[in-house]
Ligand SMILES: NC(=O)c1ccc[n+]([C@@H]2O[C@H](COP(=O)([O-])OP(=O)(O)OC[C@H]3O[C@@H](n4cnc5c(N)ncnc54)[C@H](OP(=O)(O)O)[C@@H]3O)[C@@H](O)[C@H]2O)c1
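The data below hold one chain only, encoded as structure tokens and taken in the form predicted on its own.
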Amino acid sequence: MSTQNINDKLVMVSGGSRGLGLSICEYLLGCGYDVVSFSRKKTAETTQLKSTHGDQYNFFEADMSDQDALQSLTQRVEKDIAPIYGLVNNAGITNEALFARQDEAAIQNIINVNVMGCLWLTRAALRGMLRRSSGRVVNISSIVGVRGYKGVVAYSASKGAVDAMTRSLAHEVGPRNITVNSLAPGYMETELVGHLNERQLKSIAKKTPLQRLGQTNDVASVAAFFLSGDAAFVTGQHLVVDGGLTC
């Protein structure tokens, strides 16, 4: 991946306190980007990143479902830290249950965070990008938005919405030199598969052409590609990163 002109470019990563979001932050910092991340609570890992990287990394506490908080945060970053060059919409939640029996509040929460939060944060970050006629938006989707799975109807719907938003937004902001892409991770070795037992995980790996679960850096590197100059002519695309599971 080209590292040309990366230094001093700021990328905002939502849900960056653990799992995939944390790995994306670490990967981008390693590439030379400045990174701002946020989630509802800081973790030992975010504290360590700040200690290691100093002013190159900043973390804030904010709720992805709070529109006002997202607007205030983006304004604060643009004013006090640096213009937002790239946005990685990583924050997301799930709640596995048979849809007919799923709690209404759980369904609404999934939509609020995964869809509305993504829309509100993107809208807020785009304002500066549009003024500067430059920017990158990377949406983290999921293979459940591509292929159906039992017990994740609301989550699948939310990720399908993110993919649709990606395609339409690419048309709107492309003339202003802003790219919008999404990537869909498969099963990864994170806490999101913590509900699966060893037999189930082995079965998934066996069905995957590459014969393993994904590592978070397998996805973080693709996010970095979409942010890089190498992807300057790539927009409106949906890339599945699942070791071939859905092929």
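Quick note: we count residues from 1 along the sequence shown, nothing fancier. In this text, all values refer to a predicted model and were calculated from it rather than measured experimentally.
FYI, the form predicted together with this ligand isn't displayed, but the following is about it.
Peer 1: Please determine whether G236 contacts this ligand in the predicted bound form, using a 4.5 Å cut-off between heavy atoms.
Peer 2: No, G236 stays farther than 4.5 Å from this ligand in the predicted bound form.
Peer 1: Using a 4.5 angstroms cut-off on non-hydrogen atoms, would K41 count as touching this ligand in the predicted bound form?
Peer 2: Close contact exists here: in the predicted bound form, K41 approaches this ligand to within 4.5 Å, heavy atoms only.
Peer 1: Heavy atom to heavy atom, is L126 within 4.5 Å of this ligand in the predicted bound form?
Peer 2: It does not: once this ligand is placed as it appears in the predicted bound form, L126 has no heavy atom within 4.5 Å of it.
Peer 1: Would you please decide whether A220 lies within 4.5 angstroms of this ligand in the predicted bound form, comparing each non-hydrogen atom pair?
Peer 2: No, A220 stays farther than 4.5 Å from this ligand in the predicted bound form.
Peer 1: Go through A161, A82, L130, I93 and name the one with a heavy atom inside 4.5 Å of this ligand in the predicted bound form.
Peer 2: Residue within 4.5 Å of the partner: I93.
Peer 1: Looking at V113, V153, L169, L73 here, can you tell me which has any non-hydrogen atom within 4.5 angstroms of this ligand in the predicted bound form?
Peer 2: If I apply the 4.5 Å criterion carefully, the residue I get is V113.
Peer 1: Going by heavy atoms within 4.5 Å, which of 73 to 81, 95 to 103, 173 to 181, 134 to 142 lines up against this ligand in the predicted bound form?
Peer 2: Comparing against this ligand in the predicted bound form, the contact stretch is 134 to 142.
Peer 1: Quick one: name the residues from 12 to 29 with any non-hydrogen atom within 4.5 angstroms of this ligand in the predicted bound form.
Peer 2: Those in contact are G15, G16, S17, R18, G19, L20, G21.
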